[in-house]
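There is one chain below, alone, in structure tokens, taken in the form predicted alone.
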Amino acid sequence: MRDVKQDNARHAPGERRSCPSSTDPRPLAAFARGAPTLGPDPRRPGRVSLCRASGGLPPVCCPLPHAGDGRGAQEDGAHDDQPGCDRAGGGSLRPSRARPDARDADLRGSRLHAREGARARARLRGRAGGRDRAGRGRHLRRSHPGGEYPGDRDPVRFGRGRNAAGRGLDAVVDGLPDPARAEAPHQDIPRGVPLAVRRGQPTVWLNPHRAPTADGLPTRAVSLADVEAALARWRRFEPLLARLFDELETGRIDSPLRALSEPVARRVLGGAGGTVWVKADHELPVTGCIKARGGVYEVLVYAEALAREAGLLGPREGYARLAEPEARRVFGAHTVAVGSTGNLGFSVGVMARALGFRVEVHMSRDAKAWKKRRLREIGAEVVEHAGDYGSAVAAARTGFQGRPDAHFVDDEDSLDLFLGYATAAFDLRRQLAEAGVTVDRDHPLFVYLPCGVGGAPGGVTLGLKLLFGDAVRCIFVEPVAAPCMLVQLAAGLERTVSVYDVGLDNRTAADGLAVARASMLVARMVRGLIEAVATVSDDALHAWLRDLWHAAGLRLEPSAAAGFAAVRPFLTALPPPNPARATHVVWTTGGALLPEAEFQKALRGSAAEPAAE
């Protein structure tokens, strides 16, 4: 379709354009009031445009597909990023929400922190550029009244407003911004991301790319044989783990599967039929979080390779030998590093320090202070970075690249981590069988998995699909402010996309899920496998955390409550054909080792502790 921007560019800067009119005065009256208006498009006979004026600026006109020209679907898909229009779902278009005028912008500006407000005013005067949270420059284009402006590429940083939940929100401007709102995200918002997601509203995104498991699994880089080999490695290390950790009598790191009582299950399901189980990885021994499945496993893989190279593991040597001084001297000459929001760093750190490795954990400066203290207490070095989680991971990855005396556990791009998580599916299958739960086409299994960068839920999903095929439906759950996997899958896999790119701020009480950019390795793995991604609010996380503590005795951190908040919205969006035959498993991810003071804050729904130490 012809681009509106190209037509706009023909008008001189500052030239006022008239709205396409008709002989009917009603559209013109609506247009004069600033309301979205339909009218014939003078540039294309027989076509209709959606027009809107705001704040005395010229209108933005978005051509609409003609009902009978046979091109509607194609042009509709090409229309997502036109200024002033938003995808309404189901292939239709609707006008964007009314844009605030300059007075609204002033009110929003009054809520900025003083420092940010001063920077914003300086940038509006053209004196400053900007950087995003990861330290990358944001080169955004300012609109001028004539449409596109050749050569105007001033770098502009996001302005900070507030969203409906009271958190900071990067202002999103539809169409042409007026000068009071010049600080806006890039107008080339990734296509396919639902409007509700961009507005930070709870959403259920049903995956349009889901394919039959038999079609998708052969194309994945990980096979059933790979996961079975990882499971065999876990078994070889059980004697060593039992020797190193008193709580591991059998040497096996696994969590219980708990059935919720009928009253609690009914609240979780919203009255729908079925049973609800909790895969209680918040009680996982040694680390109290799901990250042990991947983090501990990758440290063991590295230790095994070093031990074989040093001749410590002969054909008849048991793995318990790796706890002896000779092995510790070998491991002590090496460093294990990781970038983490806290739980992965702790899991890697506990295992690596137990074997004698030096440990570096790279974290964002605003990560929880108690998580940093806990790492230092086990002898890990904590390196803080000014940016967010992604910045910490990128800096650590660069710093350790090519070092023969070190290993970097890459949460965004590690197959070993992924395989460690995938083996959890075998534990769940065994536990369901012991509980007499049938999983097949007529008795579907729904699994709700909190998602940050994606490694843990992605690995579990692949493992479950390898074992149960299409009988299992996996739903990822993310905070409304940090739906990085949803944004990436909805926008496509051609390039990486962050939540900042769609105007979200990545600020959430679920700090373990506060990730701006999903792992592309995982996104490619799960694109055709997951059923949906649901986003949930912080208020919902706190409400479920309190309810589950008082009604079921589950001691969770906010991130771990995400799955419970998603069950009812998902079942409303896609109810199973026979709800009574469905089994629902909510996977909890952490909380048993949460300090009491932090747990009480979470119960009250109060703000997290200051990050600075």
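Note that residue numbering begins at 1 and tracks the sequence as displayed. Keep in mind it's a predicted model, so treat the numbers as computed, not measured.
The discussion below concerns the form predicted together with a small molecule, not included here.
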>> Can you tell me whether V487 touches the small molecule? I mean in the predicted bound form, with a 4.5 angstroms heavy atom cut-off.
In response: no
> Within a 4.5 Å heavy atom cut-off, is N343 in contact with the small molecule in the predicted bound form?
Replying inline: yes
>> Is L462 near the small molecule? Define near as a heavy atom within 4.5 Å, in the predicted bound form.
In response: no
> Applying a 4.5 Å heavy atom distance criterion, does K291 contact the small molecule in the predicted bound form?
Replying inline: yes
> Which of these stretches, 434-442, 361-369, 453-461, 348-356, has heavy atoms within 4.5 Å of the small molecule in the predicted bound form?
Replying inline: 453-461
>> Just to confirm, with a 4.5 Å cut-off on non-hydrogen atoms, which of V338, L504, I475, L513 contacts the small molecule in the predicted bound form?
In response: L513
